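Next up: just one chain, as structure tokens, the form predicted alone.
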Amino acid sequence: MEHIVDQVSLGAIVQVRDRLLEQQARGRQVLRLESGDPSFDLPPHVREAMEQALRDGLTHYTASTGIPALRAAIWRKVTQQNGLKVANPDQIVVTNGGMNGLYIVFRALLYPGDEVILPDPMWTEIGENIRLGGGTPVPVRLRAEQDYQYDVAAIAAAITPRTRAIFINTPHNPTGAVASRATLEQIAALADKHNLTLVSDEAYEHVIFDGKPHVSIGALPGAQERTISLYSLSKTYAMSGLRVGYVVTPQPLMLERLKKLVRCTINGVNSIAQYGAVAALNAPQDATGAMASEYQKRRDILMDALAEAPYVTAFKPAGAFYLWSRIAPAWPGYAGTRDDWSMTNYLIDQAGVGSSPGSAFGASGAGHIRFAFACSTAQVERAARLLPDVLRRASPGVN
């Protein structure tokens, strides 16, 4: 019998990253548009708080669900900013980044054979964590003509007696779509009708553009008691390597299970990182706004460049830091193939530009390519100068 972990892939983005790093090691300049790792330095007050925690010797075991000061800061944030109805900080579990939060949520929620509805395309690790939790991912296609909004009718059609939950990710990776309040209200009503859990991944809640609002579905009527909300400090505060995330749930049984899973897996997040997270949440949020403004600048630079390039049509993201682009049927291909991997490999080999093949994000991602603009503005600007020309030069004979 196949072990469940053997069903998990090593990830297409990792393969792209390894190719880029290999070329970089040989002395070639590469542009890291495959990775969603924020380029910004840690905010100074966060660094100072961590250094102070080290000086104070705060390097021992903490409460496994998070230090009290951090859970209190999170409680203030989610009640005041997100509008969640959270009775007290005890309904919050601090996790080792958003990924650990996703793993323990699905492990705690699912029984063998349970189904979870999720968007397609979607970040690959969502489906992997559903499978590791014993569940079955049920993709619902997102369509460009609907601006990649979740189709509530399609969700309803996908519900079966085995459906346990609907997964929501807004702003969305890989398309950058931001779910409207109306869409989320309809999803909340659907979940209420069928008594389903809502799992809401809001890792990109502060990476949002053009004055568009972020709506937390857990704050909406009918969703408050059935929503498990997941957040991360990685994208908001450029703390990706420090691994701090958190889960909020009002459900006593889920909370008890999550606490057990934290104890049996990580037994608490790095203590020094937690003190940095307290400073990040409690201080003025100027750095967060500045980062979002710079991401929007990078988005516009890339959008303008791809508008001049053949073979790709980019969707303008309202959030996150990804540019999702459809590959035209006229794409001549590369090295004997014409799929999305061929364009990813072509851009690496011919220009040193990283990207991610759309098929890595699900069946409906085939024929697309994702560019990340989380890397530095200088890298984005250089990629923008290269992309139109290198794509114009593409031909069946290039190898």
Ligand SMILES: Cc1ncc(COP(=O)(O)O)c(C=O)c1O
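From 1 onward, residues are counted along the sequence shown. Remember, predicted model here, so these are calculated numbers, not experimental data.
Below, we turn to the form predicted together with this ligand, even though it does not appear here.
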| said: Check for me whether this ligand, as it appears in the predicted complex, comes within 4.5 angstroms of all of E205, Q296 and A318 - heavy atoms only. | reply: no
| message | Whether R71 contacts this ligand in the predicted complex should be assessed with a 4.5 Å heavy atom distance threshold; does it? | response | no
| Contact of T175 with this ligand in the predicted complex (heavy atom, 4.5 Å) | no
| request: Determine whether any heavy atom of R243 comes within 4.5 Å of a heavy atom of this ligand in the predicted complex, and answer yes or no. | output: yes
| request: Spell out, yes or no, whether the shortest heavy atom distance between A154 and this ligand in the predicted complex is within 4.5 Å. | output: no
| Can you say which of 155 to 163, 73 to 81, 284 to 292, 195 to 203 gets within 4.5 Å of this ligand in the predicted complex, counting heavy atoms only? | 195 to 203
| query | Of A179, M122, V278, L306, which one comes within 4.5 Å of this ligand in the predicted complex, counting heavy atoms only? | reply | M122
| said: Which residue, L220, I272, I301, M99, is the contact with this ligand in the predicted complex, using a 4.5 Å heavy atom cutoff? | reply: M99
| task | Quick one: name the residues from 231 to 250 with any non-hydrogen atom within 4.5 angstroms of this ligand in the predicted complex. | result | S232, S234, K235, R243
